[in-house]
Ligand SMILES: NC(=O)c1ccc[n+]([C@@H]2O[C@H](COP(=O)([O-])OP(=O)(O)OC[C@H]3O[C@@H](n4cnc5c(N)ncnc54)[C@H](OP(=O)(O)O)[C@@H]3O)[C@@H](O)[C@H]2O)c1
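A single chain comes next, written as structure tokens; it is the form predicted on its own.
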Amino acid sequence: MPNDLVTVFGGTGFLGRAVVHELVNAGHAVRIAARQPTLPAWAEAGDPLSLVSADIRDEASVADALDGAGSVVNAVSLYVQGRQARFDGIHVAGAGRLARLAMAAGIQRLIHVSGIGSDSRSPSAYVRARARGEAEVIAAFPKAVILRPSVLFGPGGAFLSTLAGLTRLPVIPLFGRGEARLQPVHVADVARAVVRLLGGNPPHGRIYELGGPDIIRYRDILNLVLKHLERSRPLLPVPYPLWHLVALLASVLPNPPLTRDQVILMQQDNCVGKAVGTFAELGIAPRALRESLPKCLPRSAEAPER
């Protein structure tokens, strides 16, 4: 009989929580692994949920979290590095450690969440770390599945909430002319992809890039949010060199509101590429941003989740 226990590392994060919810709904037992694990608000007595304290940088705690599991999902993420957590420690060494220990533990399936655009030659330290992490995972666990979602949106997520916050400004500054093309994907759809890949008779692909049905310019996304919130604001193009200067000045702050990596990411498109698996191979029809806005972004928009 197959082992249905799935350990979800990063199970308390934005994507991790959605993955946990979809897995439980699909009948899996789930172990939530995080530095400070908590049960989701929707959990009820009798739900097949358990908690384990784990830090992807710590060998012993990772091994404990894997003990007895049949599958594992690595949804640990770090978007802004600081003194306590670095991209290489989380996305490279941590990802490789988890894959190596999963192989040693006899784990049947490993899904590693990365991101569209992973490139070891990128000027962004974040993007380079994502690419190197993928390589570490495949080297340690050759049959691992790599998921690369585009920018995530959903209720309580940082992407739309941050944009909603910008609409409170008298003028909204654009990255360049706001021409970067994005393919926003609903967090629940990515979680559904994880469930499909951990189910019976999963597809045989090893790399999947997951984007929503629409490719939209950044400035057009802002206009969608403005229209939804019934606000009118001018959009002001700001040259990228100025953004890089702002990011440099902000880098001295304990929690910088903008980083160089974030500016670099906004200088390039973030869309599904070629010769990779997609939602189509998984039999999933992803939901569009435009139709999802009413449920994802109430007009009394809250501050973004970090």
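Sequential numbering from 1, following the sequence displayed. Fair warning: this is a prediction, and the values are worked out from it, not measured in the lab.
Here the subject shifts to the form predicted in complex with the ligand, a form of this protein not shown in this document.
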property	result
Contact test in the model of the complex: residue 55 vs the ligand, heavy atoms, 4.5 Å	yes
Partner contact for residue 115 in the model of the complex: the ligand, 4.5 angstroms, heavy atom	yes
Touches the ligand in the model of the complex: residue 122 (any heavy atom, 4.5 Å)	no
Residue 212: touches the ligand in the model of the complex, heavy atom cutoff 4.5 angstroms	no
Contact assignment for the ligand in the model of the complex, among 198, 129, 75, 146, heavy atom within 4.5 Å	75
Among the candidates 221, 90, 235, 229, the residue which, in the model of the complex, approaches the ligand to within 4.5 Å (heavy atoms)	90
Within 4.5 Å of the ligand in the model of the complex, all of 154, 183 and 279 (non-hydrogen atom)	no
Residue stretch of 35-43, 22-30, 271-279, 245-253 approaching the ligand in the model of the complex, non-hydrogen atom distance within 4.5 Å	35-43
In the model of the complex, residues of 252-276 near the ligand [heavy atom within 4.5 Å]	none
